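Next up: a single chain in structure tokens, the form predicted on its own.
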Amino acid sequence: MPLLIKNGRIITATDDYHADLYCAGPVITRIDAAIDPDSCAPGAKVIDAAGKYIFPGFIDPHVHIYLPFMGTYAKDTWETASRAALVGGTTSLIEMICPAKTDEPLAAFETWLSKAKGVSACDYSFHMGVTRYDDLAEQQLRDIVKRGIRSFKVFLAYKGALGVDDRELYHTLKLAKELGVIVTAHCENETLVAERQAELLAAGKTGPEWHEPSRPVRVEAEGVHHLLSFAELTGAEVYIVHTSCDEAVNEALRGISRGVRASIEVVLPHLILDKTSAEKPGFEGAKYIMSPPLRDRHQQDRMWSHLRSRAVATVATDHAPFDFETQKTMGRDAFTKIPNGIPSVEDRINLLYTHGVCTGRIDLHTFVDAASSRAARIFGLKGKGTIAVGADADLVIYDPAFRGKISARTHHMATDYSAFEGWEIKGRPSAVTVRGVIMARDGQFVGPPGHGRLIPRE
């Protein structure tokens, strides 16, 4: 159905103006100061956006939905996660494919794709995880790239499981350089983490509060330094995921100053939560275990500063949803067995707006750039991340006057808890469209199931 949005204030990464938008189909077909409804196709739906912002659809470039991890599986499906994303204003997701070392890459790709295809309500793509590198894996990675997947994922952590060794890292980066593929990387030092974990457990330090000391900021900074040394020598482009601390950002900036092609991501939890959450009594801290871990509170101001300067390019979530009662409790006797992840795909935009824009930490343009436009540019998401004639009609009509609170009782994610239970939000999406189709209204999913498609990538 054709869609006309009137009287809104359009905000992009660079522009701010009042105009009407008309979408005759899946793309934006007209932007004018005033569009007469009579000039539109018969039956066009009209939305009055007076007093509201119109943002390009937001993009989360780092999520886990189908995730076998630590002997269990993440709780969300593409049905629940995509609906939650849309209610929260996110119209496109990029999922990390995380095969086991014994899996063939092509079979893993088909498995992950099958979980989303025909099920997801929002548009989607993938980062292809590389957990082994041999002749068969290389050929299959080439085939996966030909099918439109333009990014890899490597872990410099999780020794003996997802992590790659230096030979595998080197050849993955060389292949990426040859194919014009960007490599996303979880940067820690797997040996330092493993040794520190063993020492803490041997000393009887088993609770969630010991997760952060097992992988402190220097471990993460060393991982960034290591990745950028390899990127510099191979010429590959890299993207550092979930950077949690000033030390790691500075290592990345030093590499960038030498000419390394690198982008830096922060995830929402590292901007608004600190390590005291993981130190809550009665095992409550397990709700907040993720890697890299939540840091000292002083790191938040530094990360906001890097975001404000746009040294940090993107704000993602690293959404990895596990129930507290039945899954996080697997680690009651050892923090190393707590499934890692904080569910947040539904809350990213509202909390970033509330704690970023409303507090003056970032402006509206940086908000849009970090949560949408930069991810579209970095990962070649064709038609996404902007508002322009010919762009996909992925739009978020945002009501800054809304006031509400977050609760697991009302969220659309499949988890039994919220890390932000009772937190106030100032603003939320009033309407969300994907390629011109209204998918969410005022906190509720209203779109057709399975509307999402694999995003063409450039």
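Note that the structure is a prediction, hence the values are computed from the model and not measured. Heads up: residue numbers just count along the shown sequence, starting at 1.
Only in words, not in the display: the form predicted in complex with a small molecule, which the text now covers.
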If we define contact as a non-hydrogen atom of the residue within 4.5 angstroms of the partner, is residue 239 a contact of the small molecule in the model of the complex?
no
Closest heavy atom of residue 158 to the small molecule in the model of the complex, within 4.5 Å or not?
yes
Residue-level question: is residue 412 within 4.5 Å of the small molecule in the model of the complex, judged on heavy atoms?
no
Residue 340 within 4.5 Å of the small molecule in the model of the complex, heavy atoms
yes
For this chain shown on its own, do 153, 291 and 320 all sit within 4.5 Å of the small molecule in the model of the complex, going by heavy atoms?
yes
As a check of understanding, the residue in 374, 295, 186, 287 with any heavy atom within 4.5 Å of the small molecule in the model of the complex should be identified as 186
Pick the stretch from 39 to 47, 427 to 435, 59 to 67, 26 to 34 whose residues have a heavy atom within 4.5 Å of the small molecule in the model of the complex.
59 to 67
